[in-house]
Structures are given as structure tokens and as C-alpha cells.
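Read the single chain below, which is given as C-alpha cells and is the form predicted alone.
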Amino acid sequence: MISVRINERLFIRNPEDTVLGKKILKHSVEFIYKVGFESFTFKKLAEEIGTTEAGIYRYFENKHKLLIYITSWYFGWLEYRIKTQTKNINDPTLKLKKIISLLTEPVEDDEQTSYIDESLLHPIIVSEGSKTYLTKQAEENHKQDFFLPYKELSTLIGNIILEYNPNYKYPKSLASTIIEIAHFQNFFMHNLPSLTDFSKNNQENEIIEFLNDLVFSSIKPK
């Protein structure tokens, strides 16, 4: 069983501790995937899972904190996947290529996490994830470490960039850029094709090639 550490300030009661809490997480992912975050409400979720709106508020103060929760959960799960799949790789070039693939390729549901369907959560992160931090409250939320899993994932990638080239000046900036490009280009490809060179036919393979070209052109020792 995978355990992802989540900031306790994001919830009132830990949803992973109860059957109802896990049900809230499971159906929140499914419902947001289906209708989008703007149309998602606790009232609709309560009707969906056969509980009361008040019952959901016993776990989360509002839907924005719920979105931060599932986004944080995703980045923590992704960090676990990267560590697991790169632990026996010594070559930083191969590590970075593996990371780019993991960030970009379609995600399958992880059977180790029965209450979260990662194949549905990934497109939510692509289309809705930036809404967690592109807000007026971002600085205050940052002080409370709401975005820690994202920062830890960026640090992990940044450190591998430095393994490849210890003299590269911008490892943190490039690491977060890789994550964002993987998400935004995926979204553009499916929704705003005039903003990207990638087609739905070749899907994620072209984005992987683009990111490999961008990353290794940037960090290649001068």
C-alpha cells in the first residue's frame, strides 16, 4: 500500500482514516473528471455518494482545499513512482528521460490505491491543477506548505538535473518548467491545438521528444 503524506491543514478530518472519507476522495476525482472543477460542488457530491453536504464539510473546509488535497496526493504519488522506477538507474541522462516519460505518458490506475483512480486524476491535474496555486492566496498557502509535494517533486527533478550537469544555474526553474510543459502542452494538444505543434494522432510521444530536446539542449555542458 502506498502512503502519501498530506499537509494536515488541508483537511478537518483525515479522509483516508474512514470509509466515508475514502468514498469522498474516490467520487470527488470521478465527479471532477466528469463535470470539471467549476461545476463541482459539495452538494452535488453528497447526492452522488448518498451522504449529506454537512458530512463532507466535516472533512474539508471548501472545495478548493479538496482540490489542493488531491493535487498534492497526485504529486506525492508521482514522486513515489519516479523514485521507484529510477532507483536502479545510475546514468542521469536515463533518469531524466524516464522522468519525462512518467510526466507525459498516459497514466493507468494504480491497483495499490483503491480509493483514487490515477487514470482520472491525471487529466484533472492537467486541466485543473494550476488552479490550486494561481490564486490571490498563493503566498499564504505557500507559507502553510500546502504545495510541499509539488516542491519536493521539483527538488527531486532539480537534483537529477544537477547530477547531469553540476554547473547548471537553473535546476529548480527547469524542473518546474518540465512539469508545467508536460501538463500544458497536453491540454493544448487536446483543447487549444493552435497553441502547440503537437497533434492528437501522435499524442504524448511528440511532447516527450520536445521535452527531451528542450531539457538536454538546456543542460548540456558548454
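These numbers were taken from a predicted model, which means no experiment stands behind them. Start at 1 with the first residue shown and count on from there.
What comes next is about the form predicted in complex with the DNA, which is not displayed.
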Contact of Ile208 with the DNA in the predicted bound form (heavy atom, 4.5 Å): no
Ser199: touches the DNA in the predicted bound form, heavy atom cutoff 4.5 angstroms: no
Partner proximity in the predicted bound form: Glu48 to the DNA, non-hydrogen atom cutoff 4.5 Å: no
Proximity of Thr155 to the DNA in the predicted bound form, heavy atoms at 4.5 Å: no
Which of 188-196, 58-66, 175-183, 155-163 lines the interface with the DNA in the predicted bound form (heavy atom within 4.5 Å): 58-66
